[in-house]
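Next come structure tokens for two forms of one protein chain, structure 1 first, structure 2 second.
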Structure 1
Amino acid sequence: MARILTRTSPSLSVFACCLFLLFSPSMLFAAELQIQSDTLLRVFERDTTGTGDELVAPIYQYLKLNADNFSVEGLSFHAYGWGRQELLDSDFFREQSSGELIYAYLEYTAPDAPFSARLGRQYIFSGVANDSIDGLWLKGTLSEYFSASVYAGQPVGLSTTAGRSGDSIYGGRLAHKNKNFYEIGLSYQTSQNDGDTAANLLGIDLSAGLPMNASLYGYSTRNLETEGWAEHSYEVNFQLDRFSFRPFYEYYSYLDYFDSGANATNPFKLLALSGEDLSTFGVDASWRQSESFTFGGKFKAYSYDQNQASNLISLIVSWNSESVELTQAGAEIGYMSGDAANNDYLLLRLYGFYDELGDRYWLDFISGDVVYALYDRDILGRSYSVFTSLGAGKTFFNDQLTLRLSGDYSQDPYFDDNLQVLLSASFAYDFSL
């Protein structure tokens, strides 16, 4: 389960942007810049069972900037954000943000020491941390066997709840490692929302190399507010020549995962009060028969404390071209068995991507994906769901500009028809100042 963050309106990441502007012009003009622009136009209309048709045509602009090779060695700047404008008179996005600054931070990596620092809006993924913050993050190696990281600032995800006054977040991770054999980490995080505790978490993570080319990875998180274990996730990977085998186990306590003080608001409070515990275990296996063909299968069992259990088993075959890097195709057939109607179905999927068509056709690449589910029992009067996607694209100016056109169509028990068209233009450019 991924932690859910509230999107915020676009705003400057005060720390990084202000400091960036304070640098001397000589430092700025010595930089190398990489700019990537993505413009996406979506057009879709939904014919639902409860509301009338509505045509929506939003245009999105994504912009990414990376700057490095300043006069200060090891210094770089990174920024990424997006904005949206509705082209038609529609209130479809009325209650949603019209844009977001995803990250904007200065980063310093010491040339001659194992130390790095980030200042600004950034995403922290370290131990129990899985958050976007406006603040400072430090990471370094303490000795041959120990490393540490710490961070502090304001959580971006809580900025729309009672403002930013009284919001704070800080934490860190201490790790012990023994060369390439294992690493054990202990992490902690606490955050405040308008002065009230929003989260207070303690975590432990482990990665280890095992005999026979196997590896172990896992982590556990404890909610110090509810004094219960919020989640466990562990897996072992075996790699024997062309055969791979991955058994895994996951556990989530809805009360301890979603009930985090000031974060426990609807809909999360309802999930926390459900008293549900979810355990899943299973295995993924694959056999690389040749350089082109791979055969595999997976089994996953879902066990609930309150709801009905269910099991998923599927077989997969995939093909990759030996001569064209991205060209591939595959198929999957699976069966989900469960007591609930939406957990009892046959699953079929076909997909493919063909690259480097430019030598014979005007288009450079095409893609397709079809997913079909046949339910054992009707759900709201429908016994199946289907999703289809077709796409094509072409590159220009030595692959600096890529144009893509795709269309998605789906039918399921909850939507009579759902058609979406997406036109995107991606432009990437590198230059030096």
Structure 2
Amino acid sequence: MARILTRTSPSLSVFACCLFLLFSPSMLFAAELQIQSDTLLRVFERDTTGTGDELVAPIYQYLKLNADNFSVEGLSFHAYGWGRQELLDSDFFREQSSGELIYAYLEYTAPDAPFSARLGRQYIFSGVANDSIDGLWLKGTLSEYFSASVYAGQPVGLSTTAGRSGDSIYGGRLAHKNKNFYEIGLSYQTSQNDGDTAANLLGIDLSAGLPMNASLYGYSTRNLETEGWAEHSYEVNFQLDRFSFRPFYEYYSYLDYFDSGANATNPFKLLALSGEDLSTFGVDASWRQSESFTFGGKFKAYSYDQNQASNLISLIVSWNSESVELTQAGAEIGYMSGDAANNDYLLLRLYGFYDELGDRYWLDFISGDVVYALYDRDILGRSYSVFTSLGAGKTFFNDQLTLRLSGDYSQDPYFDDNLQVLLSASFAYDFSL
């Protein structure tokens, strides 16, 4: 983790160290610590220099830590990150950063009040926010009818452009709820990159109960910079016996949706300039025919102000073993058909997973996957992609350690013959201090 920290921005490491120092006395009283480590070794071939294929063999280390039951009731610490090391000196990863601290925060949940706070690097999902920040997030219930959350800090996603000074992000969500009849949420976010506005968004979300246990959900966002509606998404969710349905409608104005001010990156910058409008509608449905068989289907129609329309149809069937939880097999077929031929493609997928083989064989589970796509118009001179993967794994020490080996082979417009091997070791350890 230290390695990952030093690779990310210096201000963050200082920040994280302060966090630790500040709380180290209570750290000592940590009663429970959970560690999960995943190590992945990938081996594949790439032509990185234009002189022929060479082997690339990166090793990835993911580390997750949860600590709770400190001397202060309601306090906990959570961290997660990854780092990569190339073992064979290939320069395949030359331009990419070699690790990331995904989160590292202290959390406090008041034991007998509806209030909680997080401090540090964290990921925020709330109304218009779907962002990683270095900062503070507070959540609370204000009364039977109102709840609110607010956050402020520095946006992690903007750290790679123009350094971090002058970067800031803050926002929040205020929700009004009347039991289970309805909930209306108002959310706001603004972020600055190097002092210039990157986002300035207002979101309105709605959920309302309808008769027969159906519900209506809606979400609209307004871009306060361009002063236009960026998105409207509305859906109804209902269940009839063993069927569930979700008809939906969505609208996007590219100019307002893809505009991200000082932050704009391609291809989204170009999309914003196109001034396109997209409307989609459709339904997805799921039918649990029996304990073992589940069917799913989806239809989605896309229509535009400028482009030519497209439709998507997808069907899925999956079979589950009744006795072994994860043993499953399934098939999926998808067809995208556009008025423009270069949008047409057919997608097929077959997969299987067989668990709890341990009684009979040395291995505990095996897995397989085939994904095939057929394009109406060739892409880089090829009309199809095929991807196949086979894997197997075994657990040791009461499931504390899992080893997995998988190999995949693919042929597609980008790679003629692509073979890749992946070996992974996952280790989970819980202990009390």
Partner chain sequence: MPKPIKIQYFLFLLLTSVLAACAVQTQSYRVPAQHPEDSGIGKRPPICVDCHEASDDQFNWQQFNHTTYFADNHRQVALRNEQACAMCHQTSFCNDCHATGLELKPSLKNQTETYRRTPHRGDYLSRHRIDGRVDPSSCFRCHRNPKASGSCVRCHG
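Sequence positions of structure 1, starting at 1, serve as the residue numbers. Under this definition, the rigid core comprises the largest set of C-alpha atoms superposing within 1.5 Å between the forms. Given the structure is predicted, the values throughout are model-derived calculations rather than measurements.
*Of these two copies of the chain, point out the form predicted on its own.*
If we ask which form is the one predicted on its own, the answer is structure 1.
*asked:* Please state whether Leu347 has a C-alpha shift of 2 Å or more between the two structures, with the rigid core used for the fit.
replied: Yes, because once the rigid core is superposed, the C-alpha of Leu347 moves 2 Å or more between the two structures.
_Does Leu278 move appreciably between the two structures, meaning a CA displacement of 2 Å or more on the superposed rigid core?_
Superposed on the core, Leu278 moves its C-alpha 2 Å or more between the two structures.
*On a core-based superposition, does Ala373 travel 2 Å or more at its Cα between the two structures?*
The answer is yes; the displacement is at least 2 Å.
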